[in-house]
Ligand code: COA
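Below, in structure tokens: the form predicted on its own, a single chain.
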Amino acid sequence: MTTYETLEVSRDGPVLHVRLNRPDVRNAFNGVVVDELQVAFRAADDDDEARVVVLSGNGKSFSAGADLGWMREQADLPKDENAKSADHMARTFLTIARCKKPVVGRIHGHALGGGTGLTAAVDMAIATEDCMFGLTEVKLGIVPAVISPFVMQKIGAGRARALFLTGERFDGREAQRIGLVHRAVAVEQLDAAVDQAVGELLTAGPAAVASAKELIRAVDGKTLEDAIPVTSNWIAELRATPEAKEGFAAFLEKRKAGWIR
């Protein structure tokens, strides 16, 4: 397994854990974190043994967002290099969102700025009720540009108009209400809630889960009429696969499917 400077990556059976590991700065991310997250999630794509990825942060917070010292360094770069750096950072969020494996976020403490962006990039985010979120970039004279598509997919443009413009902070309960996180739970229930989400994912067919992620992207934004040929072909192809046939047989024979350990 690859050795990382800013991440801690480990495996627990079919579950791959990717932990941000800069606890002294509340897991603020810099260029190394950006690079290593891309490496880790691309490796997860190619890992046949991994079926679920859990993204978390060591220490008291999930992530306080971008390291401001690093951001200031990027601002001082020539225009083309500055833009290239921003593009590279945006593709880190894209790599997480496009991971073929389902990604569960374990969110606690603070998830500000880019930390909110990482929360939006995962498939299912489980947060503590007291976790602090915020699109706080405007407080620094900038905007949440690279994370905006991921956040807006979760909360919509209407809520973004308030949160992007004010930079106000909000807790895990509010994050659940607006759709940023899947569940908000008491601190002592966080690990159990993450385990429950992981357990549900492990009962699903792995190829079906990957296909479901693609289906959402394929159907999103289409009219009902335009979606019909896409969805009809999709299910026709998928239900003829070995995994689907095993799923049908297991249900009819009242046994566990072969992918359930």
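Quick caveat: nothing in here was measured; it's all calculated off a predicted structure. Numbers follow the displayed sequence, beginning with 1.
As for the form predicted together with the ligand, it is not shown, yet the points below apply to it.
Checking 208, 215, 202, 68 against the ligand in the model of the complex, a heavy atom within 4.5 Å turns up for just one residue: 68. In summary, among the residues 122, 131, 112, 181, the only one with a non-hydrogen atom within 4.5 Å of the ligand in the model of the complex is 112. The partner is not drawn, yet in the model of the complex one stretch among 217 to 225, 230 to 238, 189 to 197, 57 to 65 has residues with heavy atoms inside 4.5 Å of the ligand: 57 to 65. Not displayed here, the ligand is approached by residue 136 to within 4.5 Å at the level of heavy atoms in the model of the complex. Mapping the unseen interface onto this chain, residue 25 counts among the residues with a heavy atom inside 4.5 Å of the ligand in the model of the complex. The closest heavy atom approach of residue 169 to the ligand in the model of the complex falls within 4.5 Å. Within this chain, residue 160 is remote from the site of the ligand in the model of the complex, having no heavy atom within 4.5 Å.
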